[in-house]
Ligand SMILES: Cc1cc2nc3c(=O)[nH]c(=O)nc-3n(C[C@H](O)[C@H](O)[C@H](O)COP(=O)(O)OP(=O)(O)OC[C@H]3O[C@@H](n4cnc5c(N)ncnc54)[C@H](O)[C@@H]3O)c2cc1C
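We begin with a single chain expressed as structure tokens, specifically the form predicted on its own.
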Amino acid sequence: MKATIIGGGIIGLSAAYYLNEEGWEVTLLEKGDLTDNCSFGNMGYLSPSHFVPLAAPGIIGKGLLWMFHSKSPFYVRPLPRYELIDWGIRFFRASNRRHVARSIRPMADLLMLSRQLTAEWTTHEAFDFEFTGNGCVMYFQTPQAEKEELENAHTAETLGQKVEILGREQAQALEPELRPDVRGGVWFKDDAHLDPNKLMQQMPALLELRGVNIIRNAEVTGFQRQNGAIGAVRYVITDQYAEQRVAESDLVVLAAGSWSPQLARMAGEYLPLMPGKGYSMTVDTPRQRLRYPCILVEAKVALTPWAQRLRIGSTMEIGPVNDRILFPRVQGILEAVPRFLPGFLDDPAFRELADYDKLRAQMRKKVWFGFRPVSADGLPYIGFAKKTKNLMIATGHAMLGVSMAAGTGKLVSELAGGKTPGIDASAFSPGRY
């Protein structure tokens, strides 16, 4: 049986990994060269703690306020385009307590499954991507944020997750060199992190060793349809003579991230999804001062420590794909760090990054950006498409691509093989719209 996967991000690679394990003959089509996509510049989190979908009560009000603040972590670029308007209406309708209540369990199950499967990857000799299972700390400074995080902590405990509530002194003891200036924090101990750059280099190498045919610079141009199914995927190699090629397929998996809606349309499907641009900056740290990954709650800024590097990231800009970098939002990310972690003011690597004149002059070199695929209700799309028998959708993971990748790949292989999935995947069905 032949499977064609469209998209070489971590979701597509994970689907290839598990389909290959099940005996499928896998071809993966990637429009780039697998050296820099959205999976490379993310924070590398594996986050069972992130079980609340993006579409939740209060997010619309916060979003409207943030839109008028140039350094805010959230922005929707208002454009008179049908796909944005339709996405916005659906997102608004989903941002309610009932939607959150029915989404928490499936989100938590998928996140925990992914965390477990990714830990299993580390036993393979081909992988060495700095997997570290020491949790993630949510630091807050205000009573309102404290209330919300303690509610999340209580819910996490009911889901069977390990959680520790930290007061101000406990938070400072956890990070003695950085002296967190916070009201407190919540330490989600089941969370983990890895180096996505290393994973994204090692996974394709392993897949090709196992016989997966990865075709780089492959732009999908259409589908050959017959009897309600796709018989082949048409594509061209963009860095060569544009000769039409085909990949014959018994199964097609659409895992093209933010580019999935256009490809779905070619196949006669509709996918409510918008790109959400995020930024990150990475600095070399000869001596790592941050002990634990953390999220600065009010600022929506995340920090990830690896052995000799530190990554800082944030923002969600909803709108069409573009290559603009909004410097005020980058500045807002960096300004938030010493507000929560004053010890970073003494760190030479951070001071160099926060030299705003130099940063502005070298933004294209120092600031990475990528486009997260954001579904209209905050849940990923995983499962068979509405109208096309052998087309599976695996996208819409927003900021949780790495967090949900292994679990998504496993679900894809189980559903493709007609097996009952290990977890209930019905909440993620693309047919929910």
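Numbers follow the displayed sequence, beginning with 1. Worth saying up front: this structure is predicted, and the values here are computed from it rather than measured.
What comes next is about the form predicted in complex with the ligand, which is not displayed.
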*Though the ligand is not shown, can you say which of Ala385, Met399, Ala406, Ala376 has a heavy atom within 4.5 Å of it in the model of the complex?*
Met399
*Looking at Leu263, Ala299, Leu310, Ile230, which has any heavy atom no more than 4.5 Å from the ligand in the model of the complex?*
Leu263
*Per-stretch contact check against the ligand in the model of the complex, the hit in 343 to 351, 135 to 143, 93 to 101, 272 to 280 (non-hydrogen atom, 4.5 angstroms)*: 272 to 280
_Residue contact check: Glu219 to the ligand in the model of the complex, 4.5 Å heavy atom_ = yes
*Quick one: does Tyr45 come within 4.5 Å of the ligand in the model of the complex, counting heavy atoms only?*
yes
*Tell me, yes or no, whether Ala3 is in contact with the ligand in the model of the complex, where a contact means a heavy atom of each within 4.5 Å.*
no
_Residue-level contact is defined here as any heavy atom of the residue lying within 4.5 Å of the ligand in the model of the complex; does Pro53 satisfy this criterion?_
no
*Among Gly9, Gly32 and Trp259, does every residue place a heavy atom within 4.5 Å of the ligand in the model of the complex?*
yes
*Taking only heavy atoms into account, state which residues of 414 to 433 are within 4.5 Å of the ligand in the model of the complex, ordered by sequence.*
none
